[in-house]
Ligand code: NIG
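Presented below, as structure tokens, is a lone chain in the form predicted alone.
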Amino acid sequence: MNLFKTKLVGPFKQLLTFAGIPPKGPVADEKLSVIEDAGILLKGRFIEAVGGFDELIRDWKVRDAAIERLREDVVGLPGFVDAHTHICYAGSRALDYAMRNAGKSYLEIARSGGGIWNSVQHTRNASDEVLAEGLTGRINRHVKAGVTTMEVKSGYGLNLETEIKMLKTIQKVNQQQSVDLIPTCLAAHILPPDFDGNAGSYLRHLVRDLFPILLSEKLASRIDIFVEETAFAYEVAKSYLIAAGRQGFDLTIHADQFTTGGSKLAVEVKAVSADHLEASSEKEIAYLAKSDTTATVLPGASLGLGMKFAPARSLLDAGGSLAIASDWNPGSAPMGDLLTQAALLGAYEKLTNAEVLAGLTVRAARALKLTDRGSLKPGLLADFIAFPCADYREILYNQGALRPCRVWKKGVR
């Protein structure tokens, strides 16, 4: 082995590997794998070994030239994975937020020119450069907060031209950034008011005219749809998702945000994840828990809309797999601060540190079908972060105020 192609990073006062965390169900803090005075041995973009810092130096005969020494006390853990965002958009919905807090309803806001359609109009009118600049700025903010992988949806185009423009922007920015962007096509966000036809004909139009472009230009391998009374009904959404699945797309659903039905559909079509779930009852919780569909909860939307959190505790206790994502978007979840949202969710839903942090790492990676990250073990991508503290419990205790002091992506700081 050529030692100069390897690098040892450490020592970490504590290193949380998330190796051995089960994919589903509750997790006690005692089940966390915490290595004291630890190091991570890298070979290129990947993890070669994890263990005690001094032992790694001895066993791998690491030379000083190949050591990136951490001089202060830090706690290390896998880079965060944000499995649900809408961070490619133009415009602001600050007026919506003010009107909502003043007591206006969703329909009143929409009728006054707000809502999703407002973001659609701004995004349609934005140049490629403006979209890319906004997306890049949000990515950079997320990276500083420890997020090294981000799902990014389209859905503010709602016509072929702008949906493709958004997905090409995501693709281009992904090639320019060190982080990984996972594109998802959400052309089925709402029925666009300017489409000449009903919901069924709009979705058939997407299957016929948009899906072939997504596949031929490799713009997205994931399809999402908003299943809700104000968006797409159960039966028409089911036909759309079945058609997407037949063409090889992975499926995810905006489910049970205001009314139920979406989570049941997610399980029926074997979706990778069902996202939102604020309205889920015991019946939906039990249904999800028995499936392989990850329950992705979005505390940012609850904070932005002033509504209850998804039943995270109940989902875990029933045996479900829980991921936590930001839902960063210009309307219902403008904060975009994944760690703060997750810490608040944990306090309200009584989640252990292990459950919250697993929901940001290994279980969030599961929600995107990513098996090469989310934990720290040999063979996986070297995506990891360090917090300036000596005890991992300080991270959530500070409710987002404690930020990572270092971030590594594919072995590069």
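One-based numbering along the sequence shown. A quick note: this is a predicted structure, and the numbers were derived from the prediction, not measured.
Absent from the display: the form predicted in complex with this ligand. The rest refers to it.
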- Each of 363, 384 and 409 near this ligand in the predicted complex, meaning some heavy atom within 4.5 Å? no
Which of 265-273, 214-222, 326-334, 177-185 lies within 4.5 Å of this ligand in the predicted complex, heavy atoms considered? The stretch 326-334
Exactly one of 97, 309, 226, 202 comes within 4.5 Å of this ligand in the predicted complex through a heavy atom, and that residue is 226
Note: exactly one of 165, 142, 313, 93 sits with a heavy atom within 4.5 Å of this ligand in the predicted complex, namely 93
How about residue 241: is it within 4.5 Å of this ligand in the predicted complex, going by heavy atoms?
no
4.5 Å heavy atom contact, residue 80 and this ligand in the predicted complex:
no
Residue 257, heavy atom within 4.5 angstroms of this ligand in the predicted complex
yes
Whether residue 170 contacts this ligand in the predicted complex should be assessed with a 4.5 Å heavy atom distance threshold; does it? no
In sequence order, the residues of 82-101 that place a heavy atom within 4.5 Å of this ligand in the predicted complex are 84, 86, 93
